[in-house]
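Next comes just one chain, in structure tokens: the form predicted alone.
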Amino acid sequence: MIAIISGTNRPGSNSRKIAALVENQYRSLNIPVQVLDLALLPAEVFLPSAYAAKPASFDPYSRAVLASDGLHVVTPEYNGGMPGVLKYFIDLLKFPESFEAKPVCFTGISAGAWGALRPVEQLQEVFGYRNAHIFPSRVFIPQIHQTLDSSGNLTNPELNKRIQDQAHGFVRFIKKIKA
């Protein structure tokens, strides 16, 4: 199973729309997936006490990460970096087992010209620190407001192809690591 992390808690986010496109790619390959939408995180996760004792409502997220064969992170760019909620989510997950030797893939989106290059690079550092296996084929989707139509589909066939190729490559990457 591949866990897709929609890396913001903004309701109706473009990240969630791209996560749905990524999900469809894996499903077309008959790969089980689970989307972890950070917009659905329970409120008690944000209490200061959650650092010391994770609320039971966080367990499904933690279990999904631990049970996954790989993680596909879809991150927007907020002020030149990853969303704070995404870093907080990572910080709440069990250490070290959540990412130890776990294959991880990244897709970045932004309103600007670089498609979340900075947040993806920041995430690569965090996941590298946690000993994850970083899949080198990243997809960057710039100018998301012009690239995503009202139905949540990409209007650029090249970007669709990149997402498709990334999903195919990530599945092969996971199989090689598991072998």
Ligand SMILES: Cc1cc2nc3c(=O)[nH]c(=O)nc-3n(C[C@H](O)[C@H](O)[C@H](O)COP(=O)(O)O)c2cc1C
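Each residue number is its position in the shown sequence, starting from 1. Since this is a predicted model, take the numbers as computed values, not measurements.
What comes next is about the form predicted together with the named molecule, which is not displayed.
This chain appears without its partner; in the predicted bound form, the one residue of Pro32, Gly112, Pro60, Pro55 with a heavy atom within 4.5 Å of the named molecule is Gly112. Heavy atoms within 4.5 Å of the named molecule in the predicted bound form are found in one stretch of 23 to 31, 43 to 51, 125 to 133, 141 to 149, which is 141 to 149. When the named molecule is considered in the predicted bound form, His168 lies well away from it, no heavy atom lying within 4.5 Å. Contact annotation for Pro103: none of its heavy atoms lies within 4.5 Å of the named molecule in the predicted bound form. Put simply, Gln164 is far from the named molecule in the predicted bound form: not one heavy atom of it is within 4.5 Å. In the predicted bound form, the named molecule sits within 4.5 Å of a heavy atom belonging to Tyr78.
Residues of 1 to 35 that come within 4.5 Å of the named molecule in the predicted bound form, judged by any heavy atom, are Thr8, Arg10, Ser13, Asn14, Ser15 in sequence order.
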